[in-house]
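Taking the form predicted alone, here's one chain by itself in structure tokens.
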């Protein structure tokens, strides 16, 4: 079988793709660029296509279909960047490649600690040899209530990690799990907003929770609340977030994801003028830490997603049960 791999990174993925392709008996076509109508021809003759976070529109899905693609896998947990209606229309099955929860959970705890200890300001001062203390007094987790929205694999791991810090833990999820109750009390969402000093998001993006954090929900939060997002950018209304930071309602934020990041991350744009005003504003705040959708990025994660995305292709081609097929 043949698989065309887009967005293949030379420095960390290529060697893994070549190794696992050989082990699994898969012929690979490797492309460093995101799929577009110019390079879509590389998929011709491939039953499966392997992507990462590039937007797959109806137009691209139709082009894949015309080139004989029957299965598309994304080397991510989320798949909101894929037009699933178009996939169904053109008979293309879709799979993902979930990685272990520890990398994102570790990163989340790091962002929480950086935010409540004002680490961005501390590092900026240290870089210019300003060793003063005014304005960088932090808070301790033991004195705070942390609200976790979404208690799937990652949210649950965050709760387990935070349980050792002595903070009060509360959680919200549409589907409550008994295992979570050993770490946190489930509460209604409005109660979590009202009680939490730190709110961290670990839910997939759906039509129902688009802009879950908005003007109304922020108004119901504690003054000075800290917001952490390592899930999906569109869970937060950027304009509402900016307004609440400027007013002081939100005291700090740690953001690994932002709205409208597609086509921005993971490219070198240092000489470019970016069409993302909200990102520029958020980066300018001294109490907001922004990173480029990389909480997942660990040795274990990269190897897992390369291996499992190819295994998903192999299972599909052989008609076997595919644990990673999502649509």
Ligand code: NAI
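Residue numbers count along the first chain shown, from 1. Computed from a prediction, not measured in an experiment: that's the story for all the values here.
The form predicted in complex with the ligand exists for this protein as well; it is not shown, and the discussion that follows is about that form.
Quick check on this chain: which one of 104, 162, 241, 82 has a heavy atom within 4.5 Å of the ligand in the model of the complex?
Looking at 104, 162, 241, 82 one by one, just 104 meets the 4.5 Å heavy-atom criterion.
Using a 4.5 Å cut on heavy atoms, which of 234, 245, 94, 77 is close to the ligand in the model of the complex?
Contact with the ligand in the model of the complex is made by 77 alone.
Which one of these stretches, 201-209, 245-253, 83-91, 117-125, sits within 4.5 Å of the ligand in the model of the complex when only heavy atoms are counted?
Heavy atoms within 4.5 Å of the ligand in the model of the complex occur in 201-209.
Is the gap between residue 295 and the ligand in the model of the complex 4.5 Å or less for some heavy atom pair?
Looking in the model of the complex, residue contacts with the ligand include residue 295, since a heavy atom lies within 4.5 Å.
4.5 Å heavy atom contact, residue 170 to the ligand in the model of the complex:
No.
Just checking whether residue 138 would be counted as a contact of the ligand in the model of the complex - the rule being heavy atoms within 4.5 angstroms.
Result no; residue 138 lies far from the ligand in the model of the complex.
is_contact(residue 152, the ligand) in the model of the complex, heavy atom dist at most 4.5 Å:
Heavy-atom contact with the ligand at 4.5 Å: present for residue 152.
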